[in-house]
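The chain that follows stands alone, in the form predicted on its own, written as structure tokens.
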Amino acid sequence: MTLFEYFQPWEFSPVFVVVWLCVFVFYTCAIINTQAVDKIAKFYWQAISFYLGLISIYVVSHTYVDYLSQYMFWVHRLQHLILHHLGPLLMVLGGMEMMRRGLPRWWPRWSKLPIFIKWPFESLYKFLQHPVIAPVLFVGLIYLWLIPSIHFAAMLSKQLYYLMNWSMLLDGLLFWWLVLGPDWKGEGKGFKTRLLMMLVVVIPQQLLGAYLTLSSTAIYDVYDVCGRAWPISPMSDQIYGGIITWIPASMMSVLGLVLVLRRRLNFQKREANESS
């Protein structure tokens, strides 16, 4: 296969393309409309982070990589590492909230919608963003979709497969938004909570990754049923997938912990400068 063929959509998804393009256009318009000259450097690095996250999500969701993820376990784990960890984290660090500035004038404003429309969504959002629910859901979804019987069904059903990937992506965006979104500037309120959240999600991922890597038997036989895209033994496939779940995924959570500490330190420095 040529490089171009690798980046062609394997299964064209109009919903994914429309959503992806809307996010790209709204963010780009927001960057263009930003007139603050003193913040150009900041937006430059934010834009790089955001676009890298957005492009990485596209690559694992709408190219030949998506095909490989359905026929090899380790590629599937790599896909979810990007959908759930890396991509959303980069987009949040890239100032995802700026997309609001790029919305067209005809786009309905949330504040002007009737209360009976807003209330169910706002209630669900508050529930999902609770500091206890969010980390449980973040780790719980990883475990849920790796339960052998559920994983088997998801890899054989197009609807379940899409549900699995969309749920991982949306949950990743919600979790990293809660931890490192603009609502928390680094002040004391929420610091310990975010610190604890990041510590809580590391250990379960390490345990799961270690279990997959060190298991003496092949757990996911769906890849034997469908056949693997590349010649690789079932145990090697599982070990590579386990290592991805064990080390890179948990390291992403450690990175989140470092970013929380960094924001806290930056806030303390600003306070010290203002008081001096």
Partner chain sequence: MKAVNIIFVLVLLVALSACSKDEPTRLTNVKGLIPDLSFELTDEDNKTVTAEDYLGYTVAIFFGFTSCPDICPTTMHQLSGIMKEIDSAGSKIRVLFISVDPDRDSAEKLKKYTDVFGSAFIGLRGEDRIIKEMTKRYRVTFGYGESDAEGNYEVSHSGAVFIFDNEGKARLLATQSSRTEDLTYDLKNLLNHKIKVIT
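Numbering follows the first chain given and starts at 1. Computed from a prediction, not measured in an experiment: that's the story for all the values here.
The same protein also has a form predicted in complex with the partner chain, omitted here; what follows describes it.
If you check the partner chain in the predicted bound form, you find no heavy atom from any of Glu97, Leu170 and Leu174 within 4.5 Å. Only one of the listed residues (Leu103, Val132, Ala153, Ile203) places a non-hydrogen atom within 4.5 angstroms of the partner chain in the predicted bound form, and that residue is Ala153.
This chain is displayed alone, yet in the predicted bound form one of Trp166, Trp107, Trp110, Phe127 has a heavy atom within 4.5 Å of the partner chain; that residue is Phe127. Taking the partner from the other structure, the partner chain in the predicted bound form has a heavy atom within 4.5 Å of a heavy atom of Lys158. Although the partner is absent from this view, Thr193 stays clear of the partner chain in the predicted bound form, with no non-hydrogen atom inside 4.5 angstroms.
Taking non-hydrogen atoms only, Trp184 never approaches the partner chain to within 4.5 angstroms in the predicted bound form. Residue contact check for Leu207: none of its heavy atoms lie within 4.5 Å of the partner chain in the predicted bound form. Residues placing heavy atoms within 4.5 Å of the partner chain in the predicted bound form fall in a single listed stretch, namely 218-226, out of 218-226, 54-62, 26-34, 236-244. Contacts between stretch 172-202 and the partner chain, counted in the predicted bound form as any heavy atom lying within 4.5 Å, involve no residue at all.
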